[in-house]
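Presented as structure tokens, the chain that follows is alone, the form predicted alone.
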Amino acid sequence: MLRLPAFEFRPVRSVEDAAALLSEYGSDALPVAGGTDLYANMKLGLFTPRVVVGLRSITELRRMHFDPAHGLRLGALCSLDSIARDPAVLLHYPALATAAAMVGTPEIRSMGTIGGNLCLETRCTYYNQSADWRKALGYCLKRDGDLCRVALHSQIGKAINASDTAPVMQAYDARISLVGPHGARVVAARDFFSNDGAHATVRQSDEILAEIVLPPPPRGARSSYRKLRLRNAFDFPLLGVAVAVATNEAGACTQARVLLGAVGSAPIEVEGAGALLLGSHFAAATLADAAEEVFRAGKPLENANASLLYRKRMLRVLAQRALEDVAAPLR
């Protein structure tokens, strides 16, 4: 049985107090919200913080509010389950509701938070193993090693971003608020995720992800999220495809974004697929061309629990299904 290493738990009641503690202890401290990812990684020896800063008592981070004029505001501690069930999210941001509902098991979704899912540590079959296994292999760039086991000559880690909500947030053009000891800053979702698998996001070690803001849905907005996994009950994604579109009064596409998750170290936007949809009325041939563009653009890494060839082929399938989801009510 894997056990948690010894650590000091320091609960806080404000974002400012959390940032101050993280700044004080530096690399010896990590924040925790639901703990569904952090504690599992600590058991594997991937993280060994001396201090764990508990965020669950910060009530202001549990607020969720939708305003048609300003969009959706999500406190970082909103549970994935509450987001998946919220009527406003289901109506105006259905891809987010779907993605949140597909994370883990009911118990994990009740504990896990939207902030935690966006800050999910990148994953790799060479890295997410026990300490003894990784030591025998010789470690890797993500921890204690000097090379990437996926691409031996790469200067950056090639672990994948396995967050279900990450590509959806980028498809919706969300903005993420970070609070540190020197104040707050806002980062666009497209800039929040790092393309270096050894560093999942641009969040600094002394910053707290406080809030996510999604803009109001445009006219004729439709969105979808499709996920590939080995076990539909709870697995991390092997692939994820998020599509968000908008249409004018004539039913022609005016906005289109297609994002891939669990393919690279950050969500990947397939701009070519979105460009094919613009101005279209979502004819079957157009959807097929867009799905083919996703197939050409997507380059899965060989570090997940399924073959690269299978995941590559499924890119077209998932993209076609997600595109048909957003086109169906508009035809």
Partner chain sequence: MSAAPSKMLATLNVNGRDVTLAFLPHATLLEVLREELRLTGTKHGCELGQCGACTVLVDGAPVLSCLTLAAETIDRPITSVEGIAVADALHPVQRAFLDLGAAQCGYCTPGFIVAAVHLLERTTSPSEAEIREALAGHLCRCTGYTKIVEAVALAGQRMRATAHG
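Only a predicted model underlies this, so the values are computations on that prediction, with no experimental measurement involved. Numbering follows the first chain given and starts at 1.
Just so you know, the form predicted together with its partner chain exists too; it's not on screen, but the next bit is about it.
Quiz item: Does any heavy atom of Arg50 come within 4.5 Å of a heavy atom of its partner chain in the model of the complex?
Solution: Yes, Arg50 sits close enough to its partner chain in the model of the complex that at least one of its heavy atoms falls within 4.5 Å.
Quiz item: Hey, in the model of the complex, does Arg185 get a heavy atom within 4.5 angstroms of its partner chain?
Solution: Heavy-atom contact with its partner chain at 4.5 Å: absent for Arg185.
Quiz item: Going by a heavy atom distance of 4.5 Å, is Pro106 a contact of its partner chain in the model of the complex?
Solution: Residue-level check for Pro106: yes, a contact with its partner chain.
Exercise. Look up in the model of the complex whether Pro329 has a non-hydrogen atom within 4.5 angstroms of its partner chain, and give yes or no.
Key: Output for Pro329 is no: heavy atoms all beyond 4.5 Å of its partner chain.
Practice problem: Look at the stretches 301 to 309, 272 to 280, 31 to 39, 259 to 267 and give the one with heavy atoms within 4.5 Å of its partner chain in the model of the complex. | Solution: One stretch meets the cut-off, namely 31 to 39.
Exercise. Please pick, from Ser205, Ser110, Ser154, Asn248, the one residue with any non-hydrogen atom lying within 4.5 angstroms of its partner chain in the model of the complex.
Key: Looking at Ser205, Ser110, Ser154, Asn248 one by one, just Ser110 meets the 4.5 Å heavy-atom criterion.
Practice problem: Tell me, out of Ala288, Met64, Ala297, Leu44, which residue has a non-hydrogen atom within 4.5 angstroms of its partner chain in the model of the complex. | Solution: Filtering the options by heavy-atom distance leaves Leu44.
Practice problem: Residue by residue through 66 to 90, tell me which have a non-hydrogen atom within 4.5 angstroms of its partner chain in the model of the complex. | Solution: Heavy-atom contacts within 4.5 Å come from Arg85 alone.
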